[in-house]
Each structure stands twice: as C-alpha cells, then as structure tokens.
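The form predicted alone is given below as one chain in structure tokens.
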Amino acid sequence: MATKDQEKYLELEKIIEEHKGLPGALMPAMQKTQELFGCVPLKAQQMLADGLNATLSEVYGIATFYSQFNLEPKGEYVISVCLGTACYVKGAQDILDRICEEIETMPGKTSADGRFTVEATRCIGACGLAPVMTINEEVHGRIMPDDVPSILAKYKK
C-alpha cells in the first residue's frame, strides 16, 4: 500500500506527463505541484526538471522568484507582520519578535506543530492601522507586543 507521499509523487508523474512537450509547461506544472503538495519540495523540483527538460536551477529559480511558490508547506495559520515604513517605525519588529517567541519559530518558517507560519511582509496597505499583522485573512491593527499572546490564543485552540 502506497503512503500518502508516494501517492502524491505518482500524481506528480501524471502532471509531468500531461505537460511534457508543451511550450511554457514548467510554470503550470509547478502550479499544479504547489496545489498537490502545498509547496514545491526538492524531490518534486528534481522530478519536474527531469521530466520537462529543464535544469534543477531553472525550477528552483522559478520557485524562489515567484511568491506564489513555497519550498516548505505552510501552516494552517499564516501570520504576516507588515514591516513597511509606517508599521516598522511603530514597532512592528518587536511584534514579529514576540510572535516568533510565542510560537517558537523564525520568520519564513513554520512552527513544529505545523499550525503557524510566520512571514515578514512589506506594506499591506493598512498604514492607518500601523502596526499591522494578518492571520490568514484577518487583520489585526494598532497592536503592541503584549497583545500578541491573546491574539494567538484564539488560534491555538
């Protein structure tokens, strides 16, 4: 019996076959891979490169250039802290540091339990609410580092 990962890699082989020989096939095949795995892991990058006549560096270059692609799976909750100018001067770095402390991870990484991914972002267009963070689509504005534990508490349940 195949494991869930093995089943995904078998599905990836089908995706590669569907795109083989098509002009511009790499980007749509990578998008399907992202949907399948929730990221574009190294083994999948290698399979895409081998199957679509590309180099691993080409695949990796696309995966790291476009923000739609991730090299690691994201958590159930994606926490984005705005580090644009308005937020930064109002203490966003301290908020980011407190979040990382509370969920025991670093920016750009996912917590050990897989529930939270922390991202440092540029301006999200809510400067009037600075400093701002979002958790998935929910906006939290005018926050202080001491607000972080209570905000995260409702997502930890």
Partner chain sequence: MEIYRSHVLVCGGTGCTSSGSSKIIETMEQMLVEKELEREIKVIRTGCFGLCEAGPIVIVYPEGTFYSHVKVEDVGEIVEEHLLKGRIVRRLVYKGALTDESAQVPLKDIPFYQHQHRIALRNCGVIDPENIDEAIATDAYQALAKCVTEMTPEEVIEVISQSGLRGRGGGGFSTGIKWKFAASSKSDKKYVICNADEGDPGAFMDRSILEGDPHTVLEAMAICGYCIGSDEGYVYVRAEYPIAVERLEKAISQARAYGLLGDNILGTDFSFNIHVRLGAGAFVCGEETALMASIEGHRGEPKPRPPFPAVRGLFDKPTNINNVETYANIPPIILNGVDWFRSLGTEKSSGTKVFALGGKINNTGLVEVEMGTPLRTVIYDIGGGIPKGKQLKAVQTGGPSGGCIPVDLLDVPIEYDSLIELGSMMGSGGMIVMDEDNCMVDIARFFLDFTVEESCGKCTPCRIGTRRMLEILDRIVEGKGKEDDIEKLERLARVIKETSLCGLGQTAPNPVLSTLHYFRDEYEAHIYDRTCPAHHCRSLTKLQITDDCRGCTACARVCPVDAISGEVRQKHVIDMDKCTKCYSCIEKCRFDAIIKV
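Positions refer to the first chain, counted from 1. These numbers come from a predicted model, not from an experiment.
Form predicted together with its partner chain: not shown, discussed below.
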*asked:* If the cut-off is 4.5 angstroms on heavy atoms, which of these, Leu56, Ile62, Cys39, Leu42, is the one near its partner chain in the model of the complex?
replied: Ile62
*Flag Val139 as yes or no: does it have a non-hydrogen atom within 4.5 angstroms of any non-hydrogen atom of its partner chain in the model of the complex?*
yes
*Spell out, yes or no, whether the shortest heavy atom distance between Asp146 and its partner chain in the model of the complex is within 4.5 Å.*
yes
*If you check in the model of the complex, is Gln46 within 4.5 Å of its partner chain, heavy atoms only?*
no
*So, in the model of the complex, is Val78 in contact with its partner chain at a 4.5 angstroms heavy atom limit?*
no
*Within 4.5 Å of its partner chain in the model of the complex, do Val89, Ile124 and Leu129 each have at least one heavy atom?*
yes
*Sequence order please: the residues of 25 to 51 with a heavy atom within 4.5 Å of its partner chain in the model of the complex.*
Leu26, Met27, Pro28, Gln31
